[in-house]
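First, one chain by itself: the form predicted on its own, in structure tokens.
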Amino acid sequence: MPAPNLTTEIYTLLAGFHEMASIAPSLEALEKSIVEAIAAWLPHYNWTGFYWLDPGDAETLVLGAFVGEPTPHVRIPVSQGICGAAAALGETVVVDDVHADPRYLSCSIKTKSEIVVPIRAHGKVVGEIDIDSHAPAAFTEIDRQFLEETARIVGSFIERHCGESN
């Protein structure tokens, strides 16, 4: 369960995500519901999306559902970018100033900070949640906890409803 210091909005979202995961007809429906809820509830999350490891090429992330401005990065090699770093390391990456991080793959001149959280299922990283903000240093420990719990919910859904490859 989430840590006790999460805000009311975060608790409400997580409860909703657990409910969505219990009734979603597909992974695509679940991820779409999650990005839409995050966009509606958390205004400092200016771009919210999922990337999935390509089942045919485990070295490439493929864009899933997202809310925000379109991105040119619909396929990202695991060896590139902050998204690639999170997938390769298998851990959450928080960047307070994307313009100071040489790994950053520029999507929008407005983006100032980013958090990327891997999603695990069947014992391995299968995808990630990527959030951009127009504010520098926008992501706190509360955001990390919230997104890591969201990733666990999605990973559990995958384990219950999807095959080993995703």
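Small disclaimer: the values here were computed from a predicted structure and weren't measured. Don't overthink the numbering: it's just position in the shown sequence, from 1.
Below: the form predicted in complex with a small molecule, not depicted.
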(request) Name the single residue among K124, K110, H44, R103 that comes within 4.5 Å of the small molecule in the predicted bound form, judging by heavy atoms. (result) R103
(message) Looking at heavy atoms inside 4.5 Å, which stretch does the small molecule contact in the predicted bound form, given the options 35 to 43, 128 to 136, 22 to 30, 52 to 60?
(response) 128 to 136
(request) Although the small molecule is absent from this view, report whether T71 comes within 4.5 Å of it in the predicted bound form, heavy atoms only. (result) yes
(message) Please determine whether I82 contacts the small molecule in the predicted bound form, using a 4.5 Å cut-off between heavy atoms.
(response) yes
(message) Taking any heavy atom pair closer than or equal to 4.5 Å as contact, tell me whether I76 reaches the small molecule in the predicted bound form.
(response) yes
